[in-house]
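Same protein, same chain, two forms; see structure 1 and structure 2 below, as structure tokens.
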Structure 1
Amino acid sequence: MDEIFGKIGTAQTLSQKIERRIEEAIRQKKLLVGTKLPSERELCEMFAVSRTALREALRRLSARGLIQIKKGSGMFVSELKIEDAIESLNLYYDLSFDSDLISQIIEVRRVFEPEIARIAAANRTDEDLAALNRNIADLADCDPDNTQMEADIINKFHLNVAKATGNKVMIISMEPIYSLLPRMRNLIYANVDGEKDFTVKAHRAIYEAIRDKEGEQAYKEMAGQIDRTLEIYTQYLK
């Protein structure tokens, strides 16, 4: 009997309904990437709503990266970029950034990255290898005092290892984590001096193992590298 008086509620606003409709169309590939949407005025007529309501729906869709709005020319269905999808994760991490998070990140890396290195050793292409090699060279050339750049290069290296697995899911899982590393740098590398040679050597060892398709070796080298990071961090915390 209860159903009779079930919720009618203002379930969602008009603009939300519009948003859903368009989102669904995109999800179901009824609107393909690159498609130009009808103009605002046309959509208003089609949905029979005001421009205000319609535009707010469009603003939300563009905020989420589903469509791109170009002033003066029109609106287009855009390919949802990984970066867009990860953006909000980054924000989330950003807002909950604390020392707890740092150690949790290291723990995750300690567990996942060696496995990733192993798979990368099996699947890497020559292009992957070239990219990794470039990272190593950049790292060696880099000004030892420029810890910012050093950290950036190292992050790129690790991300490239993930890419070398050829597994998209792997990349997406790790990317938000790597994007946080630059912030950790200030804490971690602050008290470390003159260890750059060691860092270069360690990363070169990872590279070589991947190059030679030595999965087990890649696993070990990566594990060792992260253990070292963990050590430095623990030391710093004291």
Structure 2
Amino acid sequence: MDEIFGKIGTAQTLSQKIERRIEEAIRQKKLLVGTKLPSERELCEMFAVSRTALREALRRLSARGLIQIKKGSGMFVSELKIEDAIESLNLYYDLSFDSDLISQIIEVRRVFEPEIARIAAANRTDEDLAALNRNIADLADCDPDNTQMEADIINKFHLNVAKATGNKVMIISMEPIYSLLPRMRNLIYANVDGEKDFTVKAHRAIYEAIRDKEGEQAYKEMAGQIDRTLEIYTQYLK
């Protein structure tokens, strides 16, 4: 492991350089998931740095989920999961939530979601169809005064469309965006009459196109729903 844990120069902050050296080794799979790192004392000797600088680097690596520090056992390379990436984006979007972010989210949805619906129509399974159909039924049966539950069900529908593509990257990219839909919906549609009925109808049209493997129709129906969201949000800003 000498090439990984060689002496550190002083051009940058020592802790940053240690962090980058270990991260690079993980990225290049020189350190595989589950690999146990040398002890703190050994790392200090290998890097020729103080324990303070080393511990700061290890703390940041642990906070980012790249390594796991187990008391009494040592330090190990962590397995990064889809949930970790999604959670980081969820936090970013929550902290950045404002009118500009909402506009940007709608733009992103207009670009990607119609194509997602098209791909879902080609790749969906019977299980995917059952989940989408269940979402529509839940939305239709939902108490109209329970706007939070309505928004959560709508979020699940769009997420299930993305899952029907069978593309993990699609899910990672879109799930944090869908997590904002409840907040966006409560803000944009708060005073729009008949919105629930429209949404049930729109979701049913999207579902039927996906069910029938009509990719172009699925694209059209999804684009129409998001165009309406943009139209209503534009009116809301006036």
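FYI, numbering is relative to structure 1, first residue = 1. Superpose the two forms; the largest set of C-alphas matching within 1.5 Å is the rigid core. A quick note: this is a predicted structure, and the numbers were derived from the prediction, not measured.
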query = Given structures 1 and 2, which represents the form predicted in complex with the DNA?
reply = 1
Where one rigid part turns on another between structure 1 and structure 2: hinge among E208, D84, N160, V111 = D84
Rigid-body rotation of the smaller part between structure 1 and structure 2, in degrees = 25
message = Please report, in Å, how much the Cα atom of L66 moves between structure 1 and structure 2 when the rigid core is superposed.
response = 6.2
